[in-house]
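One chain comes next, on its own, written as structure tokens: the form predicted alone.
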């Protein structure tokens, strides 16, 4: 945890209100003396304690090194995606912001290419999957800040007492969840929607399927259908925790004994380990069957530069300083608050916080089995597929027909993107 002074909720609210009001008012890019350039940097509201103070510290650090430039941090609570999309349509949008790159951003001219920020050595040191996810048409448009992933956490003693081994297939997982269910505890927690959100892409990946390859929607196949049918089976088994006080991204259902296993993020590892200690075990999502593969999502946030703002070069220099050159702050950001895997391979290897058995396993598993949808995949496609899986799991709709309908809708959306 950082030593930065903590702010109260009331003080944070004042900061949010000031920052948001400043943007809406279209603050000048220069201080009253006319000598200092001000860059605006947007972050979504991170949940880990100390993160807001950390990004303020990074901004002040840069200004000390570059006295002619100030960086105004805007911490955006609520629906960050909608607020950012709206801001990028105006001349007063942020100079630097975090998001996930889409081809629509590139087509709309909203993001500046950043190829010139990377040396050949830099490129070799970044996770190659991160570089690919932030590239369109052979150009790089973003620098990954953190790599997020998920794990299936469990209490080793609880599994041992029930005679259950960590599952290696989906059928084994369903059997384990059943064996671990008692009158006071469910076998597994995947989120209050029954795993629809958390496992939407994970399940087909575990079956060897994919979503968008070579400008084609490819998930309409028997393997995707079978993986979604297994989630329905799990939802109908009576082994799944529903109605938990918090959702899947918070580990409370596991740490409070409401479920014996829980799908949650690596970011929650410090909290879980502080409660369960060496009784904690974890694996990535098991292979669907013997023909499948274990998997986890390669998520996280990417820093980008607004191509519509007048100070693109100054913003690019700041991004290079913070997210490419400044290894100290990158490591602090990844493991100083929650736990995230540094996108730079050298940092991930040498971070002492990631050397414990579970974090070390997670880093290795993410590098080998982490998967993500490409920049051409967009929110509308995710919505179409989510509706399909919801209909299967919650309404009992025919899985093959629902997946086929989603593929038709996603293909239609893809064609609009490619026009």
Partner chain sequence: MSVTHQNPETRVKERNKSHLRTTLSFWAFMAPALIGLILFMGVPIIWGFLLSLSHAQNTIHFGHFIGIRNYTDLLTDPEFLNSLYTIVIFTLFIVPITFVFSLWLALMVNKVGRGKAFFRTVFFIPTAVSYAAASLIWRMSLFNGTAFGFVNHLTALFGMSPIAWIGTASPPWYWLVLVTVRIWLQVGFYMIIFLAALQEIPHSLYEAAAMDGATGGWQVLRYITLPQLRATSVSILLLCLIAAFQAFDEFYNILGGSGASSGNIGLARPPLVYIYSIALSSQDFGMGAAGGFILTALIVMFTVVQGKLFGFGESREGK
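Since the structure is predicted, the reported quantities are computational estimates derived from the model, not experimental observations. Positions refer to the first chain, counted from 1.
One more form of this protein should be noted, the form predicted in complex with its partner chain, which is absent from this view; the next part is about it.
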Checklist entry - Does every residue of 133, 147 and 326 put a non-hydrogen atom within 4.5 angstroms of its partner chain in the model of the complex? => result no
Checking 291, 128, 89, 161 against its partner chain in the model of the complex, the residue with a non-hydrogen atom inside 4.5 angstroms turns out to be 89
Residue within 4.5 Å of its partner chain in the model of the complex by heavy atom, from 275, 175, 85, 347, is 85
So, residue 118 and its partner chain: in the model of the complex, are they within 4.5 Å at any heavy atom pair? no
Looking in the model of the complex, any heavy atom of residue 191 within 4.5 Å of its partner chain? yes
query = Does its partner chain come within 4.5 Å of any heavy atom of residue 248 in the model of the complex?
reply = yes
**4.5 Å heavy atom contact, residue 213 and its partner chain in the model of the complex** = no
Testing 279-287, 77-85, 218-226, 297-305 against its partner chain in the model of the complex with a 4.5 Å heavy atom criterion leaves exactly one stretch, namely 77-85
Contact check, 104-125 vs its partner chain in the model of the complex, heavy atom within 4.5 Å, ordered by sequence, gives 104, 105, 108, 110
